[in-house]
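The chain that follows stands alone, in the form predicted alone, written as structure tokens.
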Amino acid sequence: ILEREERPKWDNKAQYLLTCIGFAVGLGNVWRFPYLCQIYGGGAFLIPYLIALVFEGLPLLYLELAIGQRLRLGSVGVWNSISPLLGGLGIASSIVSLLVSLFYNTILAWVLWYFFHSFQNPLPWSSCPLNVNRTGYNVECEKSTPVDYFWYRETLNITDDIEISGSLQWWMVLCLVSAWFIVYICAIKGIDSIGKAVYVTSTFPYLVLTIFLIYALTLPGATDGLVYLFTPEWSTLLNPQVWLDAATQIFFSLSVAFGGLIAFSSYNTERNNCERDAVLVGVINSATSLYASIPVFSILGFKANNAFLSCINENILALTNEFEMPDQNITVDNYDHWVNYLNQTYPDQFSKVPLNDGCDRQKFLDESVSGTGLAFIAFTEAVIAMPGSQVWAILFFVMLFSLGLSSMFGNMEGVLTPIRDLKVLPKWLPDEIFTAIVFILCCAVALIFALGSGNYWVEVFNSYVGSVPLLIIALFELIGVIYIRGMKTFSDDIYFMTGRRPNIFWKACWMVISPLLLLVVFIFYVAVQARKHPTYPAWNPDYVDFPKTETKSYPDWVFAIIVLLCSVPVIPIPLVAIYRLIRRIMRRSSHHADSNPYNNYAFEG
């Protein structure tokens, strides 16, 4: 009882909610959700997305917040106390959190690198550097673009194959160490320091998004981007991949099954309305994704408009020179008229003009980008053309850092809280030193992402660590709470905490709908992945179609690592269950063997 009373508590409800929202709302809301809307028919994608939120996301979120608050333990403690056979579930969550933290903080290191360079005027990705002899521009940069060159060469110094590791990039090592140090400073005292940090990290992104929203809507071409985003293509709903991606997006976006939400809710008072918390966090998370899509697509519309105008202007220049016309005769507005007129009047001469046929605004809008491609290539390119580009670049990268930082708190809490709850640490070891040891080890392992091939490994981790393992963990969580602890006991727990029992909707979701949805998503996900050998886009200056990335298949040894990343996190689930079952059987057999009334040790253990 003393141990339970000693458990730290949040200073207030706002701290707890901001931490949960900060953990759930991450980089994926800004760079994954808009991309899915773009490739899956705009507004039509919202239908499977909202269905997945209501029947899969919210029930799982409510379940985690409720069980953590009721048992007041981290993920390992919660599942051990429900049933010793489920002990591996908490370990599995911790391993996933750890693996995600390793690559997630590398993205923060990249953000720091861009942030430091955003103070330069002009921005370093706005023009190509000179070659070694200073007789012209760098060849690789000229063949691609200054933005691509700054990302692939200046930032990553990327190799052209995952098998070529390259050397450690010292600037990336410095940024990586800085990123881990910043997370450590914020998480040094557990929820005491995290609770203070979230006032800034969870609210600042909304301020920046609002500033971007107001500004982006005034940019030329912004409306094209928004029309593109919200125009629904209903036919895409017939594609099962759309439903699969909607379900996985909502699932990963809410950060369930990581153990971080269970840890955060365990620091609550026992009597707290966790149902309202779950709905609030879930709805705010999805609303943020929609809210972020508006400035993102306004800026992508602006970028497409710039590309379209520059393409048309090149054609105008070619026509003006060929037909020796006065400047300003052909404008963007009357371009089509002049093209038709010249083509009909002087067909032979017109056919000699080297015109670019690809000047189509829709084509530029169709160039879909997600993840690092959106943040470090598409967005940085758009920023160059904005007045006061340094200010916008600084704001954008500070926002990305805040989003990532608040998610890192949850990831690391999902690692640290279970270790503390296991009581394996010596009493004399201060919490700050223990946290420092964990962070130093993580930072040392994460150095693989600062190699020349680091970006390829980030893609491997990003694609496979947070996929199959989380689906399996979530499925076992539902089974553990609803079928092992029992629906009636869990209903009593919620009545004790909130003063009312869960309604028929929650019960139906927990008992049937959510497990079935998870099972279907899991089967489809594995089936889709198993059909094709995984590939990755490699940046290769010697590639025939450069600057397009070269699609390469992963070598067998990397494929083996992918299989391990999918399976190792969930292996503790059956291992712990088998180990505990064997111990239980051995204990019983020793009881039967020694059931001697004169043997004092017969009934011990």
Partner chain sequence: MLDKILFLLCLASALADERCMPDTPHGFQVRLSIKTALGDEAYVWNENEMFLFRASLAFAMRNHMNGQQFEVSNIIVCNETMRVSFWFIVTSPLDTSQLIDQENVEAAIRQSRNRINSAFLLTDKTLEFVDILPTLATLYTHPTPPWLIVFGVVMGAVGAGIIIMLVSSVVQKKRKTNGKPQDKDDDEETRVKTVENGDAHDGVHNMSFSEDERFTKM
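Just so we're clear, the structure is a prediction, and the values are computed from it rather than from any experiment. Numbering follows the first chain given and starts at 1.
As for the form predicted in complex with its partner chain, it is not shown, yet the points below apply to it.
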Check your understanding: Among Thr210, Ser463, Gln120, Asn239, which has at least one heavy atom within 4.5 Å of its partner chain in the predicted complex?
Key -> Gln120
Point to revise | Among the candidates Thr345, Gln362, Asn321, Ser167, the residue which, in the predicted complex, approaches its partner chain to within 4.5 Å (heavy atoms) | key: Asn321
Point to revise | its partner chain in the predicted complex: contacting segment from 377-385, 256-264, 122-130, 444-452, heavy atom within 4.5 Å | key: 122-130
Exercise for review: Indicate whether its partner chain has at least one heavy atom within 4.5 Å of a heavy atom of Phe204 in the predicted complex.
Suggested key: no
Exercise for review: Would you please decide whether Lys143 lies within 4.5 angstroms of its partner chain in the predicted complex, comparing each non-hydrogen atom pair?
Suggested key: no
Point to revise | Interface membership of Leu290, its partner chain in the predicted complex, 4.5 Å heavy atom rule | key: no
Check your understanding: Is the gap between Ser310 and its partner chain in the predicted complex 4.5 Å or less for some heavy atom pair?
Key -> no
Check your understanding: Which residues within 261-288 place at least one heavy atom within 4.5 Å of its partner chain in the predicted complex?
Key -> Glu270, Arg271
